[in-house]
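Given next, in structure tokens, is a single chain: the form predicted alone.
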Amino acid sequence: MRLYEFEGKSLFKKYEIPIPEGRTAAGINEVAQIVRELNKPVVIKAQVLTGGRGKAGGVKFADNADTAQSVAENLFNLKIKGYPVNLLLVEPKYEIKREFYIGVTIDRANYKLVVVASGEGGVDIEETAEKHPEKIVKKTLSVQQELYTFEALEIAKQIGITSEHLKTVARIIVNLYLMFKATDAKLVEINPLVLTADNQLIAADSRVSLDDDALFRHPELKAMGIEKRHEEGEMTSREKQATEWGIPYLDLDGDIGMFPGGAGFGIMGNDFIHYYGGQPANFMDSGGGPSPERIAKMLVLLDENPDVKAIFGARFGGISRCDDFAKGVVMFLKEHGLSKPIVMRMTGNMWQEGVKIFQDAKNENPELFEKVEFHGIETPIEEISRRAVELAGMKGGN
């Protein structure tokens, strides 16, 4: 569960990690007032639960209140990876001498915690690790281990911290590690930790992801307004609707709506779509033994998605019966109607009955099936996947 930058910094402050004097604002007049009170040039940063905001224009500078108002208006009208900007963080602008990176995360392959540091902050740490691995310092510890000051001092030396600032940076590293463990975090990053022109060390940015399954242990976080939320960003309207309906659903960047029969079958379907050159528009799981009503709601999410050009459906009947799957699709066609082409395949439990339900409904209302292709076990799923990619590539999806 990702935190906003200002929330991460509020945790930094609690653990005595130095942060800028900043405040959040939900309107342009608030931004201007903060700038007047700070009485210095500022940086204004969009608060969104996703990365890449700098490249998307979500970080701007202003020298005075009038300029800040104009900047804030533009930022509030911005969308970053599809997410609207509803809150801004206003902080003093610093003259920076050098930038560092410090983070703590989980080494899942070895079931360890790892402190990561670099003398090159302010950039993508994954890119630095790939192109210049020698510039990355790592210290691996077991979950039960503490990080001692002498170990943090060694890390600080290795990333180029001079003697003047060694103790301060070592304390920041130790405190970041303590915060990571105390909050049940999955990732905490200071990127960058800046050394300013007047020799201050400041956590200029924060990235904090917590284990949402452990939030019940942390009433202090709830008191700070930190509660369970979407993993990487604010939910889209479809994700919110799916949550209300109890349907596991995640929007992706493609144009093929994924209408699977179970999570495993859905993952396999996504792989097939990629293999044939397509891009899934979503991930979705119908859950065990879904009712026809639930199946119909799943299709509503896909058909009303403007990015979807074609729908790929695959049902492997086990606990989930193919006749219930077919009944749900027919219910959707009669009550909602279909605007996108769909190609489907059924196999397993009651697949022949499912095909018969489709055929009978088509004979009764052929107009409902103008955009529908349905198949049974005789058609390989590879062919259904290839056909979905083909349909999505046709002009207008027709």
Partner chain sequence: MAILVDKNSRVMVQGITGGTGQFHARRMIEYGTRVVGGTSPGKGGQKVMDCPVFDTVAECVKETGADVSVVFLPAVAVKEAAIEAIRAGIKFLVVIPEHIPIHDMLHIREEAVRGGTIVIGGNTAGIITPGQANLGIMPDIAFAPGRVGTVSRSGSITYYVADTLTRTGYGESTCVGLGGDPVLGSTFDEILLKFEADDQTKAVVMTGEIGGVYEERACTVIPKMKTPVLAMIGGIFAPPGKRMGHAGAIVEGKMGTAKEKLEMLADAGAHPCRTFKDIPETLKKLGV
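Between two forms, the rigid core is defined as the largest C-alpha subset superposing within 1.5 Å. Residue numbers count along the first chain shown, from 1. Here the structure is a predicted model, which is why all the values come from computation and not from measurement.
Below, we refer to the form predicted together with the partner chain, which is not included among the displayed structures.
Within this chain, residue 314 lines the site of the partner chain in the predicted complex, having a heavy atom no more than 4.5 Å away. Using a 4.5 angstroms limit between non-hydrogen atoms, residue 189 touches the partner chain in the predicted complex. None of the heavy atoms of residue 292 is located within 4.5 Å of the partner chain in the predicted complex. In the predicted complex, residue 327 stays away from the partner chain, with no heavy atom inside 4.5 Å. Residues within 4.5 angstroms of the partner chain in the predicted complex, judged by any non-hydrogen atom, belong to 108-116 and to none of the other stretches in 108-116, 193-201, 297-305, 84-92. Listed residues 96, 153, 224, 78 were compared with the partner chain in the predicted complex; 153 is the one with a heavy atom within 4.5 Å.
This chain is drawn without the partner chain; in the predicted complex, the residue among 271, 134, 220, 244 with a heavy atom within 4.5 Å of it is 271. Candidate site formed by 15, 71 and 159: none of these residues places a non-hydrogen atom within 4.5 angstroms of the partner chain in the predicted complex.
Residues 163, 166, 167, 180, 181, 184, 185, 186, 187, 189 of 163-190 are found to place at least one heavy atom within 4.5 Å of the partner chain in the predicted complex. Fitting the two forms on the rigid core leaves the C-alpha of residue 95 displaced by under 2 angstroms between this form and the one not shown. Taking 2 Å as the criterion, residue 119 does not count as shifted between this form and the one not shown: its C-alpha moves by less than this amount when the rigid core is aligned. With the core held fixed between this form and the one not shown, residue 216 has its Cα displaced by under 2 Å. Contraction of the residue 215-residue 247 CA spacing by 3 Å or more is recorded in the predicted complex, set against this form. CA of residue 248 to CA of residue 217: closer by 3 Å or more in the predicted complex than in the shown form.
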